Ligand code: PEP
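Okay, here we've got a single chain as structure tokens, the form predicted on its own, with questions on binding and movement later.
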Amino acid sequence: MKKLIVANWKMNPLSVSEAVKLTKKEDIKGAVIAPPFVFLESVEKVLKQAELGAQDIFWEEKGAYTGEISAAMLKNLKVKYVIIGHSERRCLGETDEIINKKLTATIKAGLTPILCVGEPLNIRKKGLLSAKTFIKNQLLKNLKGINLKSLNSKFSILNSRFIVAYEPVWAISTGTTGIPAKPEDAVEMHKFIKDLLATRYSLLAKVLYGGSVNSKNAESFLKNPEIDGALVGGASLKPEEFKKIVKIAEKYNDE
């Protein structure tokens, strides 16, 4: 399985010209570029190797929903991947029920979801079992009522099928929490997520790691076969840094 590296630019950069410039530098095979909505069209026009992702989606197809973006709009812009339930959005009040609706709309539209899950520091401090229980509850709520049995046939081996990004919230921006994640912690949680999805939903999924990944720590995570790639935040705004991460991932691609 090929490792997938997703660049989540978050609310950056500030202009179309900067977004285009950054895209050209990060247009690498094996990467997904997820810019802010306002830059999607401009980024898509210059992409030649990387694929296009969106940072969010709305669950209704159309209507009076000021400020929202539908699946049809994203598809018309040639978006293939959608990040759903990122920890930053959850912190702003996005609930598991809302994420469930967004996930349903994404799958219905034939877009590839990147569902983000992850435990906060207060849960992690209680131990691994508490962290696993928290992640399990997130997944069960987020996937409630969704027909996942068709996904393995709907998304072929050549596609990304269904993607989960494990974000240990306590390891994001480690300068704030002071607690860097250990690769063995990530491997353990990735195994747990994959086993849960396979056992409960008969679903084969890619699981990416998303805990302050950079070129210095990327290899310690990506060399593990249980980790199928990375969701990269701040480092994706630094082209040379991002390229190094993609190159590291290529070393561990399992064809």
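Don't overthink the numbering: it's just position in the shown sequence, from 1. This structure is a prediction, so every number in the text was calculated from the model and none was measured.
One more form of this protein should be noted, the form predicted in complex with the ligand, which is absent from this view; the next part is about it.
Looking at 41-49, 226-234, 25-33, 190-198, which one sits within 4.5 Å of the ligand in the model of the complex if you count heavy atoms only?
Selected stretch: 226-234.
By the heavy atom within 4.5 Å rule, which residue out of Ile107, Ala71, Ala171, Ala131 makes contact with the ligand in the model of the complex?
It is Ala171.
When the contact criterion is heavy atoms within 4.5 Å, does Lys102 count as touching the ligand in the model of the complex?
Taking the distances in the model of the complex, the answer for Lys102 is no, it never comes within 4.5 Å of the ligand.
Would Ser212 show up as a contact with the ligand in the model of the complex if we use heavy atoms at 4.5 Å?
Yes, Ser212 sits close enough to the ligand in the model of the complex that at least one of its heavy atoms falls within 4.5 Å.
Does Glu88 reach the ligand in the model of the complex if we count a contact as any heavy atom within 4.5 Å?
Contact with the ligand, yes.
Report yes if any heavy atom of Glu167 sits within 4.5 Å of a heavy atom of the ligand in the model of the complex; otherwise report no.
The answer is yes: Glu167 has a heavy atom within 4.5 Å of the ligand.
Residue by residue through 1-34, which ones have a non-hydrogen atom no more than 4.5 angstroms from the ligand in the model of the complex?
Stretch hits, in order: Asn8, Lys10.
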